Structure formats: C-alpha cells, structure tokens
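We begin with a single chain expressed as structure tokens, specifically the form predicted on its own.
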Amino acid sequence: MTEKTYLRVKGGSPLCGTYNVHGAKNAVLPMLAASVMTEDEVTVTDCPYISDVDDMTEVLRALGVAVSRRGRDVTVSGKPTLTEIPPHLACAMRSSVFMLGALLAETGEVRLFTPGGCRIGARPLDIHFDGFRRLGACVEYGEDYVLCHAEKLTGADVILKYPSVGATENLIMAAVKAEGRTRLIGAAREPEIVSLVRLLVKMGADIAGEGTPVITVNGVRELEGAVCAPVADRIVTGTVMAAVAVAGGRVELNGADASCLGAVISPFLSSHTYLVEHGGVLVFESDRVLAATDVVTGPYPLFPTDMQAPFMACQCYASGMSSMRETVFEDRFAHVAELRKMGADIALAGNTAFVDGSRGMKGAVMHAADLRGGAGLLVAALGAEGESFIDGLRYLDRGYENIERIMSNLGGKVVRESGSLPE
C-alpha cells in the first residue's frame, strides 16, 4: 500500500445541474505574462483557482513586479527588475515560456531555463526563437537555458512553419514594441490568442488579424494599464460534456462561448444527445447511448488536442469501432494503458488509437501522467461499473479548479482522499 492523494470515483451516477465555466487557463497565462509590458496596473479577470495560475503569479513576483489577487481578479503592476526566470519556477510550468516575448519586448533580455509541465512530447521552441531572430534578437543556448537579447527589435515578416499557439503569442508580444510593422504569416488562430490580443489592444497596442492566419502588429512605444477578461475555458466545457456523455444526465454550462466551441462539441452530437445554446448558456443532455466516431486532432478550428483524452474516454463507451488520430503531439497516449486497466479495448498504430467500445468498463486503480490524460481517466471512471482510484492529481490541479467539486456538485460520486491507495 502506498500513501497518496487520489480521487475515489464511483461510476454510474448521472450528472445534472449547472456549472459556471471560468476563464480559460490557456488565455489567462499569456495575458498575465503580457502584464509586465507596462508599469501601470493590468487586471486579468475571471482567473481560475488552479496551480498553473498560482505558479505564474510566483514567476511574476520573482521578476520584481507586484501581484495581488482579489477573488478571480489578478492585478499586476510595476516594472520587472530581473530578466531571469528562476529555474525552479521554469521547471514547474511550461507556461513560463510566455515570459520570453513579454520580457524581450519590455527589457531587451530574457533568460529562461528548461521549462516543465506535462510530458506529452518534445514541444520544441525553435519556432519561437526563429521568429525572435527575424525581429532582430540574438538567441544563445546554454546547457540548460536559453538567453534572448536585443538592443532593438525591428518589425519583419515572420513565417511560422507550424501554427504554434505559444510561438504566435510570444511573437505578438515581442512585436508590440518593435519598430515598424510585423506580419505573422501562418499564425495560430485559437480563441485564447484573441483574448491576449484583446488585452494588448486595450493596453494601447496596434494589432489586427487575430483569429486569422495573418496577424499584423504595428509597433508602439508605450503601453498602459487595462482590465480584460479571458475567453471561457472551452476544454473545461468539453470535459464536463464528456462526463455527461458517459454518465448520462443534463447539465447547463453558464458562460460557455458557443462561437468557439464548434470542433469541441461536434463529435458529441448524435440522435441520443441534446445540445442547445441560449443567452450564454449551453445545455447538454445525454442518455449514455454513444455512437462510434472518427476524430483527428489539429490546430484551431479543428478538434483540440487537449480534448483528445477526455473524448477517447467517451469512445470507450461507444458502440462499434472508433478512431482517434493525434497530429499535434507525438507522445500523448499515456492514458491508453490506464484505460486498458478498466477493460478498454484500444489498439495503437502510430499516431492513431482504434477504440472498440463494446466491452464495457469497470473501475480500476489508475495513474494520471499529464493534465488532460488525467481528465480522461476521470471521465472514464464516471461511466464505469464500480469504484476507480486516480492519483497524479498535481497534473489535474494545473488546469481544473477542484475537479472533484465540479463533478460532485453535479451529482457524481467523486471525492479527494489521502491515504493508502490499493495496488
């Protein structure tokens, strides 16, 4: 027996009620990074209570700026006094990379140690650094760090060889104070990028084309304070929908932005589900009869890779053979071995998983190896026969705000416990 903190999940209870969707983690983090680009107060509203946001505020404090939190609003002010992101914080969270573009623009220099986060593939930063070089920065590599510095950044046309979300956001921030015009060609189009641009424009930036493959940034000399809200978290929305799909029930999702949810929700639609959006409320209902689906992940507006694991859990309950092809990350199937412990019939062939949902699923002891994979295990457990135990909660806490409370408030039998986890 091993002492751990874990979720105990008893499957089979339908989910019913209302859930208020909070701001998107993947929007909040780069928005907080952008707050160092002015000495004035910048407030990001509707920030979730998750460890990634806590870690980002610690990064900001370590750089010398003032950070305060009042409820869901995080306010940042002051000028960075340091340009080196402390190694222990960089290793704790992948999103420390967002400080690259912001600090380069504001101070002309940034040193970043190898970033951490979930192990879901190599996720190289070469697209970021190639873009910085096009803007006139020098990039130097050490054994475990990278140093970017520039006396002056100058606008240029930057062609992204892949629509990387992080690279697009970093290059937008770097270009905001560059001299002249920058065009990002082949940019990522995610709604979270639109949230970042909305904040920067409120701060005085001159940006156009966000949400399209070509983003134009005309450099400005100074930015000022602003208050801005992020887009609602579409991955949390999709995760709750996945849980309802396998457990059955009816849930109202307040604040869900249907305009950017198309590819997230489209695989859920069938003759046995009900979905309607009205006045900022998304209502989803399922009778647990799921149809086989073929899904391919891809950059927005395609099906998001962050929903791959939660939706694969749904495929484990669908009648017939489903497939899931992962095209974004090369190592994002760690949850497959854990789902098999529940009886899932999943065969892997390269970057494609083939899922036969005809066997049924039973409770098991499982380990979450990454954020979204852990969410997929919880979804699977909510529809399974018997009890499941899921550890690795530090990953889930990075992106879900008390996920056990979310599900239990909707009627799911999910509790967080500490003690001896069955082997």
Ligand code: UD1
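One-based numbering along the sequence shown. Every value quoted in this text rests on a predicted model; they were computed, and no experiment measured them.
Omitted from view is the form predicted together with the named molecule, to which the following refers.
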Of the residues 80, 248, 219, 166, which one places a heavy atom within 4.5 Å of the named molecule in the predicted complex?
-> 166
Answer with one of 305, 273, 293, 107: the residue that has a non-hydrogen atom within 4.5 Å of the named molecule in the predicted complex.
-> 305
Hey, in the predicted complex, does residue 128 get a heavy atom within 4.5 angstroms of the named molecule?
-> yes
Using heavy atoms and a 4.5 Å limit, would one call residue 190 a contact residue for the named molecule in the predicted complex?
-> yes
Spell out, yes or no, whether the shortest heavy atom distance between residue 286 and the named molecule in the predicted complex is within 4.5 Å.
-> no
Residue contact check: residue 113 to the named molecule in the predicted complex, 4.5 Å heavy atom | no
Can you check 223-231, 238-246, 206-214, 325-333 and let me know which stretch has heavy atoms within 4.5 Å of the named molecule in the predicted complex?
-> 325-333
